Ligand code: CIR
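Just the one chain here, the form predicted alone, laid out as structure tokens.
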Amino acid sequence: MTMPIIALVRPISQSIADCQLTHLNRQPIDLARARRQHADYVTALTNNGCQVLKLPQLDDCPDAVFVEDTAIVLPEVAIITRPGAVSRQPETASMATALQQFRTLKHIDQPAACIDGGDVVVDDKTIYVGLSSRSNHAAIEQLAELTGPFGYKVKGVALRDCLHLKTAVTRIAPGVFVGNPDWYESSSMPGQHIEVDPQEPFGANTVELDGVLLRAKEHPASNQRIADIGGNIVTVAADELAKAEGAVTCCSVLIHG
């Protein structure tokens, strides 16, 4: 019997309008609408094989709904990150409390190191880390030390004009990626690369579930490109959370059985 994927999520903070922004201009965020979209996202996870566990709401942490940035979960171990935005570092404690029942925990704790989970794409035994404003070489070095005993190699990927590596590219199957070639070098990540539609620069972000690819419905042309190569696409509305530089991967931490 296949074990369900555990999906850790967190309710949207009352203070989300004060979120960190790096590449977008600040726009008003409709909190009620954002919460409806998040609820639909949670329903989509549940309907596609996930057991959803909710972390406590953190109203003093505007970005806390974007739980992905606080942890990197591998089959053998979970790494608690040190987010690049100092205001986000208090989010990690409750993530660690939740994860410790599923994985042995390691921590990015070198003072010079910072890394967001949104900068991490894992393909088999290679961990790609985006060199962004939120993740740096010191964290890559420590991540390599922590995961090397399990056979992983860690490789930095240069980024341009985007917040995280998963803004630019995500994995949709072993050795298969979907990405915006303007924001990363595909040659840094060996495999097949499907380009997003040029009119949908944010169309790469994808949650890879068992047999299902969960994506934002706001990128229909890119969704069709993935469907054309056999991807089983499920879509949710995510445009309100996108105003906070969030996307579908940002809103969950997945633990595969």
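Since we're looking at a predicted model, the values are computed, not measured. So that there is no doubt, residue numbering starts at 1 and follows the sequence shown.
One more form of this protein should be noted, the form predicted together with this ligand, which is absent from this view; the next part is about it.
Of the heavy atoms in Ile12, none are within 4.5 Å of this ligand in the model of the complex.
Interface membership of Gly130, defined by any non-hydrogen atom within 4.5 Å of this ligand in the model of the complex, is ruled out. Mapping the unseen interface onto this chain, Gly118 counts among the residues with a heavy atom inside 4.5 Å of this ligand in the model of the complex. This ligand in the model of the complex is approached by Leu163, whose closest heavy atom lies within 4.5 angstroms of it. The stretch among 177 to 185, 135 to 143, 67 to 75, 101 to 109 whose residues place heavy atoms within 4.5 Å of this ligand in the model of the complex is 67 to 75. Scanning 70 to 104 for heavy atoms within 4.5 Å of this ligand in the model of the complex gives just one residue, Arg88.
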